Every structure is written in C-alpha cells, then in structure tokens.
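One chain is shown next in structure tokens, namely the form predicted alone.
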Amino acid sequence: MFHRESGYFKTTYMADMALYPLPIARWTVGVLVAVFLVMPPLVTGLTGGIAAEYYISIVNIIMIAVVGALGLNILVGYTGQISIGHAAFMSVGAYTAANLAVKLDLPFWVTLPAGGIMAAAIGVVVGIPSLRIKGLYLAIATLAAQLIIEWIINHVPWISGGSQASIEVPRPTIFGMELRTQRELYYFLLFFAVIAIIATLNIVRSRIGRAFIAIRDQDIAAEIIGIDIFRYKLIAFAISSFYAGVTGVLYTYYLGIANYENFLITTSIDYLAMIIIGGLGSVLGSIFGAIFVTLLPIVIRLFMESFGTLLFTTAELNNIIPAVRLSAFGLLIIVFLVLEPEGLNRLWRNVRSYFRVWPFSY
C-alpha cells in the first residue's frame, strides 16, 4: 500500500488548506522539481548537440503552452465562460511587449507584465457582454474579438510594425547575459511556468476561485447568495487574458519575433483542445492537455513520415499531414467529450485512486 489519507490528521485550518497536504504529494513535487532542474544537462549528455536542442525546444514549447492553457481553463473550466478568442489576447501581449522592447528598449521584466496587463484590459472589455449573454452567444462574441484584433494588428502599422505585421525582438537578458540557446531559454520559461501553476492553484482555492466555481455551476444561485456575478466574470476574463498576454510575450521572446500568424483562430482552437482533452476545471488537466496537444502533431508527423511513404509520395505527404493533424484534433475532442468529459485528468485520478486502495478492491 502506497499511503492512506486517513493516517494523517489536520489540527489547524491552515494545515487542511495546504497546497500539498499529504507527504507523498510534497515528495512527488520535490522529485519533479529536481528532474526538471537537471533535465537539460541530462538530455545533452544522452543525445548530444543538435538532438538535445530539439528535444529541449519541445519542452520549452510545452511550458509556454501550459501558461496559456491554465489561463483559458480559469475562464472556461472554472468559471464556465466560453472563449474562442484566447489567441487574440496572446497577440495583444506579444505586440505590446515587442513595441516596448524595440521602441523604448525596455527589459523583459517590464515588458512581460505590461503585455499581460494590456491583454487583461482588453479582456475586460470583451468580457462586458458576458453579463447578458452566455453559451454559444458568448462564444460568437469572443470569436468576433479574435477577428477584430487580428484586423487591427494587420492594418495599424504603428502596432504591427508594417506590412508584414512582424517585429523582431531581442532575446531577454539576465544579469547582462543574453539568453540564446534552448538550454538557457529552458530555465527562463520554466520559472514562469512554475509561477503560473502555483498562482493558479492558489487562485482556484481562494475566495475568488470559489466564486468562479459557483458561477460555473449555477450563476443564478450564485447571485442569490450574494456573489456579484458580473464583477467575478470580468475578473475571470481579466485573469485569463493576463495569462494569455504573458503567453504571447513568452512566445515572442522565445521565437525572437512577434508575428500575427502565431496567434490566429487555429491557435485558439488548439488551446480549447488542450483544456478539453486535459480536463476542464483542473490545473493538472491543463498541464496534461498542453503536453498532449503539443506532442500530437510531432507524433503524427513522425508516424506519417515513417509509414505514409508506403501509400503516398513525399509531395502528397506534405499536404496530407496538416489535414491528418486537424482531423485527429477534432476526433479526439469528440471522443473525450463523449467517453470521458473530464479528460486526461480523470484518467489520472482513476489510476491514482486504484493505487490508493491497492491491494483492496474498495
């Protein structure tokens, strides 16, 4: 038997509300922190130069996606507000940081929160209709925001930097050292991913988080018991958009360029897929979803390149792989909604519950 929760007794409210109340949870987190700290040198030692950079780059993209998925899950999973404009708020943060970094030569520790704050301000404006509309109508409103923001970025030169809507951004600098390699960027992104996870865990178990959940479960009942649903919906939009803005800034610094093509409607759909497949209303589900959706296209590409040549030519494969990727996303969303609405997080809970009572059957 791994452990028994009944063997640990809490004598204070603070102990009961601890982030990791069980010893095994604290040990697991400690082990994971140690693994992530030594991962880059370990991968470099096992695989060597170029291959190591590639594998670390995949982890870097996953960590950026985790931040964005957490933000969207706060809005959709915890508050029950549908949004199809997450990528638009990412673009707001990206272009805000890019302009501040290029035109005013500000460091990342100024541009990053500035990008998040600007995205949060736009998110509050977009969230105003949420008092009167919900469900499909709110989804259409956020879709409209996505299209409007895309149009503004493309047609306002002082925002987008010209006809290509691209702004090259210098890499972040820490203590005079410019972060260039994937290994250096890894620790930079790991810091913000950990901060985002801890912040989300604390938000959802706070008074604000409980209000979000009450609104999601039954907004009319929440209003009857004294929750200002309009205020908390706006707070949810602001927090979610702040996360999205920070995600856009991290993408910008990671890629070295702010370009609207990285924040199209397909990106918003990718993030929706992350939280649906990972599990709505779950921090761990956001992490699982970000990992799954980021790795899925890579696995599909490797599979098609290995076995697709038996049926198709190389030129045909280049056209087929994107279609297979989109079809796989759509199929997986349907499968999880029908068979396991709580996503990968529910599957993990089932495994965890089994080992909690093993070898007994109850």
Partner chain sequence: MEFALLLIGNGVLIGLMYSLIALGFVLVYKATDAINFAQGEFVMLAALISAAVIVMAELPFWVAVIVALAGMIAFSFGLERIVLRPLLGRPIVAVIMATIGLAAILRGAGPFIFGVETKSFSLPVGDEPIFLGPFILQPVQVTGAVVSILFLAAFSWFFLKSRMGIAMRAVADNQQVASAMGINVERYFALAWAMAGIVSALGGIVWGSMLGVDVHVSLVGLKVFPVVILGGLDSVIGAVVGGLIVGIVENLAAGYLDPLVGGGTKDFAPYVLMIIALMVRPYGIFGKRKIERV
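Numbering follows the first chain given and starts at 1. On a predicted model such as this, the values are computed, not experimentally measured, just so you know.
The same protein has a further form, the form predicted together with its partner chain, not shown here; the description that follows concerns it.
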Review point. Just one of 282-290, 176-184, 189-197, 139-147 has heavy atoms within 4.5 Å of its partner chain in the model of the complex; which?
Key: 139-147
Review point. Pick from 333, 51, 58, 38: which residue has any heavy atom within 4.5 angstroms of its partner chain in the model of the complex?
Key: 333
Revision key, fill the gap. Answer key, its partner chain contact in the model of the complex at 4.5 Å (heavy atoms) among 28, 47, 327, 309: the residue is 327
Practice item. With heavy atoms only and a cut-off of 4.5 Å, decide whether residue 151 touches its partner chain in the model of the complex. Key: yes
Practice item. Classify residue 298 as contacting or not contacting its partner chain in the model of the complex by the rule of any non-hydrogen atom within 4.5 angstroms, answering yes or no. Key: no
Practice item. Give a yes/no on whether residue 21 approaches its partner chain to within 4.5 Å in the model of the complex, heavy atoms considered. Key: no
Practice item. May I ask you to check whether residue 226 falls inside a 4.5 Å heavy atom distance of its partner chain in the model of the complex? Key: no
Point to revise | Complete contact of 97, 103 and 234 with its partner chain in the model of the complex (any heavy atom, 4.5 Å) | key: no
